[in-house]
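Included below are C-alpha cells for two forms of one protein chain, each presented in isolation as structure 1 and structure 2.
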Structure 1
Amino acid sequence: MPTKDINRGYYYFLIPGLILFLLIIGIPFLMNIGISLTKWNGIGKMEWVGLSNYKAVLTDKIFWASFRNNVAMIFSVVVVPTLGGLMLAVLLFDYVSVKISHSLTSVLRAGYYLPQILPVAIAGVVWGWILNPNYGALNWLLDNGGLSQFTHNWLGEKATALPSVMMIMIWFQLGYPLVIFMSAMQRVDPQILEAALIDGANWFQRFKIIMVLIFPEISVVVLTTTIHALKIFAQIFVLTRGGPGHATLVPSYFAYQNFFEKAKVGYGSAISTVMTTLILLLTLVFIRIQFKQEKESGV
C-alpha cells in the first residue's frame, strides 16, 4: 500500500481538539491583545488608544518593581534549586547510594520532593501559618529559644517580606530538579564514569562529566522553571498580595489587580501581553532544544 493512502484520513481526528483550542486559547489570546490596545473598564465602551498602554507599562515604576521581584523569583525558583538540586543529585547518586545506603537515598529523594506535591496555594497557606506574626510557629520558636530580638512580622515588613517569599520558593522548588537530575543520571552509562575513575579522575572531574552528560535535562529544567517563575501568582496571592507596598508584587499579580480590582482592563491586558511575549520567547528556545534532541535521538 503506498504511503499516501496510509496517511490519508487522519486530519479528522484533529477537529475536536482544534475547535477546543480555538475557543479556549486562540480566540481569548487574540482578544487579550485587542483589549490591550484599548482603554476599557470591563463594562462600558472600549476606547481605542493604540500602543499607549504599552508606553505606560514601560514607564510604570510599579511594573518595573514587579519585574524586579520576578528576577528575585527566578533566583529562588531557577538558580538556587537547579544548582542545589544538581549538587544534591550528584551527592546522592554518586556517593550516598554507592557508599552508604541505597534505601537512604530513596528516602532522602522522596523527602526532598515532598513539598512539590502540594498545590502552590496550599504551600502558601502552610507557610503563612508558620510565619504569622501573632500565632506562627517560627516566632514562637525564636521567642522561646531566647532569640526574641530576631522575631519579625516576616511577611508584613518590607525588609523581610521578599526574602521570606524567596525562602519558601526554594523550599518548594528544590525537589523538582533533584528528581529529574537523578533519573537523568540513571540514563547515563555507568561505564563512562567507571572509565573516568580508572583514568584517575577526581570527584570534581567526575562531576563535570556528569554535568555534560545530563546537559539536556539541565537546560530543560532551567527553561521550564524560568517560565514557571515568570508566571508565579498563587503564592503571592496567598502570602502577601504583593505587599507590603510593592515589596513582593509580581507582574502576574499586577495584571490581576488591574483586571479585577482597578477595572483597568486594557492596562492589565498590556501587562499580560508583555509577560506573554517574554514567555513565548523562552518557549521557542524550549521547542528548539526539544526538536534538536528528537533529531539526535533519531526519532
Structure 2
Amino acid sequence: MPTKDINRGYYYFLIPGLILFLLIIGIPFLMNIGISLTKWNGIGKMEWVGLSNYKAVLTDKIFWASFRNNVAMIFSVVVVPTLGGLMLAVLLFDYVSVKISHSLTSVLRAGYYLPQILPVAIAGVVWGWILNPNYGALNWLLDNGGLSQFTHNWLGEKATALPSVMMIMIWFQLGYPLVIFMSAMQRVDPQILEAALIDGANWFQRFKIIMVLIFPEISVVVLTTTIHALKIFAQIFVLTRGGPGHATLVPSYFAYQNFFEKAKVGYGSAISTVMTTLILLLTLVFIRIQFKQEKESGV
C-alpha cells in the first residue's frame, strides 16, 4: 500500500480529538471574542461597543501592572526552574547515580517532583501557614535564630508579596524540568560522554555537550512553562488574590475579577482574548524555532 494512503488512514483517528477541541476550546474562544466586543454585565441585553474594550485594556494601568507581574512570574516559572532543573538533572544523572546509588537518585527525583502532584489548593494553604506573620514557621525560625529584624508579613506586604509568591512558584516548578531532562539523558549515547571524558573534558564541558544533545526537550520545557506562566491563576487565587493592592495581580486573575466580581464581562473577555492571542503567538514562534533547529541538525 502506498505511503500516502497509509498516512491518510490516521486522519480518522484525529476526528474525536478535533470535535472535542472545537466543543471545549474553539467555540468558547469564538464566543469569548464576540462577548469582548460588547458591554455586558453577565445578564440582560448586550450592548455592542466594537473595539472599545481592547482600547481600554491597552491604556489600563492596572492591566499593565498585572502584565509586569506576569513577566516576573516567567522568571520564577520558566528561567530559574529550567536552569536549576537542568543543573540538578545532570548532577543526579552524572554524579549521584554513578558515584553513590541509583536508589538515592530515584528518591531525590521523586522528592523534587512531589510539588507537581500536590493539589494547588492544599499546597497554597500549607504555604499560607508557613508564611503567616503571627504563627508561621518561617517567622518562628527567624525569631528563634536571632534574626527577628527579618520577620515580615510575607504575603501581606507589597515589598515581599511578589518575591514570596515567586519563591513558591520555583518550588512548584523545579521538579517538572528535572524529570523531563533526566528522561532525555536516558537516550543520550553514553559513549559520547565517555569519549569526552577520555579526551579530558571536565564536568562543565560534558554539561555543555548534554545541553546540546537534549535541546529538543529543553525547547519543550521552555514552551510549556512559558504558557503555564502566562496562564497562572490558581496559585494567586489561593495565596494572595492579587494583593496587597495590585502587588501580585496577574492578567488571568484580573480577567476573573472583571468577569465575576465587577460584572464587566465584556472587559474581562477582552483581557482573556489579548492573553490568549499572546500565548498563541509565542507558541508559533517557539515551534518555528524548534523546527528550524531540528532541520539544521538533521533530526
Partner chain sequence: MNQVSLMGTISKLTKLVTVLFLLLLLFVMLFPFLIVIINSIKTPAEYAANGPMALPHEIYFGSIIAFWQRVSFHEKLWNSLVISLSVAVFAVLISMLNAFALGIGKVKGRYFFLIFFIIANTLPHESLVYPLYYLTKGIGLYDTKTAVIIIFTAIQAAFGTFLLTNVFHSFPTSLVEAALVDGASKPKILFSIVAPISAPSLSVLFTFFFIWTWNEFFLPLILLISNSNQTVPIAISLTQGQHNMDVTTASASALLGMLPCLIFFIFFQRTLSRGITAGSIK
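Structure 1 provides the reference sequence; residues are numbered from 1 along it. Everything quoted here is computed from the prediction, not taken from an experiment. So that the term is clear: the rigid core is the largest set of C-alpha atoms that superpose within 1.5 Å between two forms.
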Structure, 1 versus 2, that is the form predicted on its own
2
The angle, in °, through which the smaller rigid part turns with respect to the larger between structure 1 and structure 2 is 12
Fitting the two forms on their rigid core, what distance in Å separates the Cα positions of Leu23 between structure 1 and structure 2?
3.5
